[in-house]
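Next up: just one chain, as structure tokens, the form predicted on its own.
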Amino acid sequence: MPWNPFVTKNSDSFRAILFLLPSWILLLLFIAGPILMTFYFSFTNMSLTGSAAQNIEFIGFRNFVKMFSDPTFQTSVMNTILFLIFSAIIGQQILGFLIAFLMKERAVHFRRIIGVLVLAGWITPEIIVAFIWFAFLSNEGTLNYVLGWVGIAPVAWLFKFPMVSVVVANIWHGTAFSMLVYQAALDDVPKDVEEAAKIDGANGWQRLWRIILPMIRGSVMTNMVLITLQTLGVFTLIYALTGGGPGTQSETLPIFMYDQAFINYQLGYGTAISLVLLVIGIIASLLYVKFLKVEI
């Protein structure tokens, strides 16, 4: 029988589909399925109790109209964006890179000591991180106790500066992840390229800006996407530390969504809020890809 390239190509394609079929089914069940269900429930009056819990009705865009006319939702969106920018994009990103850069080519024992100290914050559960920072920032906490040694009156940090408090706590908790990403990326930068630039007269800042950063651009984009999605979902840390207050000063979208879905029993409204959170994550990720000009 003569060799037929088309028959061979079709057979290979069929075998490839068979091998990929289990992963496609898993993706549909555990990734696409919940997203589609969230999308549907956001257009319903689904409730945690009452008649709407048993007889779910399609109510169109009513949840979204209610949401966008709610001043608390607008405040939550602004708080979420501020929390994301200062704790993840600026805080974790820059601090993680600086620690990784300063540890580059240092002695192994020095890198291990610093690495363990930073990783301690990352491996600590979010609820424990909240209690640690509550003990540090509360009225009778460690910070006020130390300030009392130099005659400074106690400050109600969690009441006067709630957003700053949760931002600092999240930076402490999440910086280690960025540090690990940048450590791996910086170790992959060829030393001979840096040495050649140094011989050509490039100073430290020029080598960092023109050689190192462009070469690790893909890692920067990956890290920004991951810490953004992680930060958008932070709930326990803020809820245990400030409860979203005082008032709505530190209320982010996850806190607002929890209040509406499980305190006010409006599950349909809560899923509509979660859909907005998902859209913010997608928009942020697309912006990173565009500005960093990374091919995916």
Partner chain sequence: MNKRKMRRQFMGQTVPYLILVFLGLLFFVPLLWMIFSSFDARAGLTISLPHEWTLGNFASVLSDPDIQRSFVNGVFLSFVSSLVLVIVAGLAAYPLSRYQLRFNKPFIFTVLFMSGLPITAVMVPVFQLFLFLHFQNSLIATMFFLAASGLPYGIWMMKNFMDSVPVSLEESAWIDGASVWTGLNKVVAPLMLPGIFTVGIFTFTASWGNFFVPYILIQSPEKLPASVTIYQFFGQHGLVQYGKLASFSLIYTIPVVVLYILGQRFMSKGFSFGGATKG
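Numbering follows the first chain given and starts at 1. The model shown is predicted, which means the values in this text are computed figures rather than measured ones. Take the two forms, find the largest set of C-alpha atoms that superpose within 1.5 Å, and that set is the rigid core.
Absent from the display: the form predicted together with its partner chain. The rest refers to it.
In the predicted bound form, D188 approaches its partner chain with a heavy atom inside 4.5 Å.
Not displayed here, its partner chain is approached by W172 to within 4.5 Å at the level of heavy atoms in the predicted bound form. At the 4.5 Å threshold, heavy atoms of R106 reach its partner chain in the predicted bound form.
Residue contact check for S138: one or more of its heavy atoms lie within 4.5 Å of its partner chain in the predicted bound form.
Across the proposed site, S13, T222 and A261 without exception bring a heavy atom within 4.5 Å of its partner chain in the predicted bound form. A heavy atom within 4.5 Å of its partner chain in the predicted bound form is found for one listed residue only; from I128, A197, A156, V164, this is I128.
Annotation for 105-119: interface residues with its partner chain in the predicted bound form are R106, A107, F110, I114, L117, V118, L119 [heavy atom within 4.5 Å]. Relative to the superposed core, G247 undergoes a C-alpha shift smaller than 2 Å between the shown form and the other one. In the core-superposed comparison between the shown form and the other one, the C-alpha atom of F30 has shifted by at least 2 angstroms.
Look at L226 and L287: in the predicted bound form their Cα atoms come 3 Å or more closer than in this form.
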